[in-house]
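Subsequent text provides structure tokens for two forms of one protein chain, presented individually as structure 1 and structure 2.
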Structure 1
Amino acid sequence: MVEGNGAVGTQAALTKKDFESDQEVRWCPGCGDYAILSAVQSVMPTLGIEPHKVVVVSGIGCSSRFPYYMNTYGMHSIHGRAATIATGLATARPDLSVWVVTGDGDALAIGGNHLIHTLRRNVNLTILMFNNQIYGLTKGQLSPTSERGKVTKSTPFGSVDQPFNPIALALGAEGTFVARALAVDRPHLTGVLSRAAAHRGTSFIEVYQNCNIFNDGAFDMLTDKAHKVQNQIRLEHGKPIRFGERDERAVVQLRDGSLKIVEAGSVAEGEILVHDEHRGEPSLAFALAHLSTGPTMPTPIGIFRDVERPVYGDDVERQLVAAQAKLGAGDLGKLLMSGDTWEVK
């Protein structure tokens, strides 16, 4: 029985309010997390999934307060391990819609190993990785996505680290749904969220999210009215990749497979690259991920890849059914007492 709008036992349609908890939302004023939270709460009713069938798992970081603000089940877990905990949950309870909310530090530093194995296994869950290119909760240290030369509290002379490219990393781990969105572009973000939720397998969305306290303006070239049209490369399946105020710029593929941005008028229409998000072989999506080196230049936004592959939980369930058919029902007590045991007196 749907319990929408607080009316127990009715079939009332779910609304955004059904997914808003009674907790005061507490992030820094102006934080991009507010926009992402609102977008997720708006998308949830459209999925037709009741709040008690949704679970949000987070790690540690500013973004990890998310479960408190969702009127769903949730868990504020430990640093870097949100994807691991969510893997167990999604595998044991395939009837649930499982979401992971994490940040660039939580997911790509201490949690990097867990993230790539979730992606390669293709666990049926959705990962939202908030990328502000800084450690916000711990007051402004270098993160795995901070640009080279970045001066922070932990790199007072500038970073010498090569930053991760989260999209390329997800594609390299054979992610089946890989996308990028902007926290401040609500229509586009909600569209990507809806597509991710509908995908069977691991959906990975990198969300560029401004930290106005410790890394303000990191994404201005993609979000400011004066610059965004010239720098957002919107990816749309089946359409030539063009951008600019009059679509005057385009992306072409060179003979070596790399991509290049050109003036659209300088090439034939047939030479302009047509986006194919369903292409099984990931090299095109990987090339798009490397079209920009950071959000200060023309950068692809949208769904890079959306393909089908066996889902981890489905395969596990098939093995369990086959094992039970062959061996019969298991006996947990017998299993615990098998092998070497001893009695303490």
Structure 2
Amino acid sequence: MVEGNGAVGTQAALTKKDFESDQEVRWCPGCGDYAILSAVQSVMPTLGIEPHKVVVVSGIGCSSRFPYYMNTYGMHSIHGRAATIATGLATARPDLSVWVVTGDGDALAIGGNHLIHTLRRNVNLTILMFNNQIYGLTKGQLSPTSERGKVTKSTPFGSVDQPFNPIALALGAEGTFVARALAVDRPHLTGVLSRAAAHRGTSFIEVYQNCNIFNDGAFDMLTDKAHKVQNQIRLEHGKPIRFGERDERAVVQLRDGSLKIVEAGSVAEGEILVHDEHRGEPSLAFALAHLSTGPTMPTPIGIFRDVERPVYGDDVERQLVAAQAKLGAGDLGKLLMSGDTWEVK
């Protein structure tokens, strides 16, 4: 039973099937989105929230077809604006579990402003941002997460754009739950999804997702057998941050506060950074976000930050309750008569 994400849970035995709609899924064969959809559908029944209490809101882009495939309430909305619609819905209806499904273009380019303000307010939403580092639905232009130098249809001479670091952006916007997962690593992804759903406030999950048509192999260094062990830095709360085939590499903090990857054997065990998701002060999480400048090198995976902060909709509700307790339920007749009035006989 999970109460974090809006809806109060139920004990009814639900299955993955309860969250699958009858619509034919229409992503390209081999698209990373299938794995995320399946993971979400398999996590939902474990949350104890019935399908009619769940709303999935999306923007525009490949990822944003997601709501059609969920047997929940859903809205496929406007490019970039899913967070605004979800904010209105979650504020009006704190009893619902509201999810936003978006992509790197939808959330970080046209919807960037809404994303940071949603995070700052800590609206009770779970945001899944599928990051494939490319525009898919418009057939292959660079996105705000595409690496410098990338040759695309709109950058035939290579991109001269500095990409966003989505985790750093979310932390900079005071995100209270910020995580990264891989579409292809289902056990890890479902674990992060469960934790995100349990978090009250805005949960932001960046999911690295391969676009096999326009940006195939973007995450190979993190996902293929030959490299993943060297490059995945698994963040686990309370544990020293080590990685590699034999945990031979480790993360340490330098005197200036920045982080560095070292050979584990070259430092004392006590010098290795111990991951603390619940650390209120965000600079260490921010430094972790900057350990990697892209998925082609050792990159942290997992929950960077999970802290408590007042939730927007909850405070809105509290003010309504307080006003009604103090003034009584609103009386239109009295309102219209307030101030200076006079009688004409």
Partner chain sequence: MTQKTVQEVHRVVIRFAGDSGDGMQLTGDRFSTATAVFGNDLSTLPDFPAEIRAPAGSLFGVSGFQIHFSDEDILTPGDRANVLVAMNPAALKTSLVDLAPAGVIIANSDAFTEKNLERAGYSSNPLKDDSLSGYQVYEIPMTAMTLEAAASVEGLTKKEAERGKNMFALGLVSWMYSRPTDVTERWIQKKFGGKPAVMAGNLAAFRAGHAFGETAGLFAAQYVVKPASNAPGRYRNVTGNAATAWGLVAASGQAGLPLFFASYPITPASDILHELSRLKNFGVRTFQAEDEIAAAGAAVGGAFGGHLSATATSGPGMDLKEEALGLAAILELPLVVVDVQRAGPSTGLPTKTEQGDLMIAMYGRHGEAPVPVIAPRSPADCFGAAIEASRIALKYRTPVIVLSDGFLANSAEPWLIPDPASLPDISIAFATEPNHDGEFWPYLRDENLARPLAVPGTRGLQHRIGGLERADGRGNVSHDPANHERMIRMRAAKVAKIADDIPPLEVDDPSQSAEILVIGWGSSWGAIREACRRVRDAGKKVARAHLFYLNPFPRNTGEVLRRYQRVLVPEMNNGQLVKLIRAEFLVDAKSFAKAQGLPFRAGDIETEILKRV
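What we label the rigid core is the largest C-alpha set whose atoms superpose within 1.5 Å from one form to the other. Nothing here was measured: the structure is a model prediction, and the numbers come from that model. One-based numbering along structure 1's sequence throughout.
Structure 1, not structure 2, is the form predicted on its own. Annotation for Q324: C-alpha shift of 2 angstroms or more between structure 1 and structure 2, rigid core superposed. When the rigid core is fitted, S338 shows a C-alpha shift of 12.2 Å between structure 1 and structure 2.
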